[in-house]
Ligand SMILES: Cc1cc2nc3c(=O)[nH]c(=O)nc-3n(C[C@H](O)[C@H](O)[C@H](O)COP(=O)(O)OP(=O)(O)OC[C@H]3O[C@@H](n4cnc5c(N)ncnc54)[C@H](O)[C@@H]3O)c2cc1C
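As structure tokens, one chain now follows by itself in the form predicted alone.
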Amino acid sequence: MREVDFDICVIGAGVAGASIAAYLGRHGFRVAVVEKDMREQDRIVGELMQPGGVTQLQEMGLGQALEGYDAQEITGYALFLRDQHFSIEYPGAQTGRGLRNGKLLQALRAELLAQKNITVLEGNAVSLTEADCVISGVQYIPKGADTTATVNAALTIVCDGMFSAFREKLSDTTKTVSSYFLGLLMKDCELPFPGHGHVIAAEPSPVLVYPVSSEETRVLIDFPSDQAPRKGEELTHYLRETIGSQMPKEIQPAYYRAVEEGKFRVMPNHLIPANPRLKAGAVLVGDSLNMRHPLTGGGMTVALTDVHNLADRLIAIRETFAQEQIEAAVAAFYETRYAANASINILADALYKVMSDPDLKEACYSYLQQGGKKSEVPLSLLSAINRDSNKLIQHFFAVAVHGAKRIILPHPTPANISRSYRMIRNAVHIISPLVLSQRPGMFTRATFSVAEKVFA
């Protein structure tokens, strides 16, 4: 039997890595965490946690990581389209959190540092070590050193984020950039709907606004391009004139101050469907494994759901922790995670593409504005309170049909009929590849295969 120094080696102490290390450490595992920088980071990602993510943290006994640094309760969403707006509350009085990512990470990392059976190794992971076709740990360069050191472990959990150095070795997926978010931090902003995420259905693409502390509000402006926006006079003019003119009037003063301050941060929005390759001794978790457009704020919820799923399977075999059991636990995690996360992944990229299609955007806004189940169920899906992907598909096409009726009636001219058909065809082409990427059942695969042919 292979000798090991640790039961678990976790690469990366971000949301996924810190959470799974803390959770496993509490259950007696000897855990090594390799993280290149344990200092508090200033990031524009991971600042909105949906209620589904909050629930995952609480169920793992890590809910205290949301306390003590001015995180804001989020109770629902407000939608803006030109001069119209309305709000929707999360069902069941559940709440999400708007927060600074660096504060959350330091709170989660504090859980690691408080546990004697967790060893935090600050340094840069450079390669996975392998013996007899089994990953046996990781080589890393300790901070301040010139040579590598080795961590041996029965299982290496790779959580090194969107720019993972190890994804290609453990996955067959393709990473694409769907757009870029430009982030601004507004100070002392008056929100039209306090305690809500705000989605502005702007032209040419959406803008997100949500509180991250009692004095700070995040703005994320989407740039639908495969090239990052460049700082300069042209960008400042675009932010001030094109985007600023579409912001709610209550937000505009703080927004214009932030634009003039000029402290912009840019982040690529990746689409990474999960397509892991089983490799004994290692597993991918978090953004290393799977990413979707951040429009719906589902990233941390998916990561924490995966953490909970995998960790509980490892805890169940804690007493023996044999290689065959570990491999079976990892295989079961990979297989079951699709059903748990499909609705979040599909909705994120589907909604982004809907917001970029003028007719579907109008249809979506009008559909949700009707209230009742037509807004409650979609928001329960966005918040990951409800994870029924069939409900998501049902409401997605209900939006398309609703939009088609609005175009055709009361004047069913040939032009209007053709326009409504194009909208439904676009809806099929938007959602079909997203559904199929989540490994659905045979009936769903067959249905969407037929739909793609019909609306080719």
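Counting begins at 1, following the sequence as shown. On a predicted model such as this, the values are computed, not experimentally measured, just so you know.
Keep in mind that the form predicted together with this ligand is missing from the display, and what follows is about it.
- This ligand is not shown here, and in the model of the complex it never comes within 4.5 Å of any heavy atom of K103.
- This ligand in the model of the complex comes within 4.5 Å of a heavy atom belonging to L48.
- Although the partner is absent from this view, M267 contacts this ligand in the model of the complex, with a non-hydrogen atom inside 4.5 angstroms.
- In the model of the complex, none of the heavy atoms of I431 sits within 4.5 Å of a heavy atom of this ligand.
- Checking 58-66, 32-40, 383-391, 421-429 against this ligand in the model of the complex, the stretch whose residues place heavy atoms within 4.5 Å of it is 32-40.
- Residue-level contacts in the model of the complex: of Y210, F333, Y255, F80, one residue has a heavy atom within 4.5 Å of this ligand, and it is Y210.
- Contact with this ligand in the model of the complex, judged by any heavy atom within 4.5 Å, is made by just one of I44, I407, V399, V54: I44.
- If you check this ligand in the model of the complex, you find a heavy atom from every one of G123, L220 and G299 within 4.5 Å.
- Residue R109 is the only one in 94-109 with at least one heavy atom within 4.5 Å of this ligand in the model of the complex.
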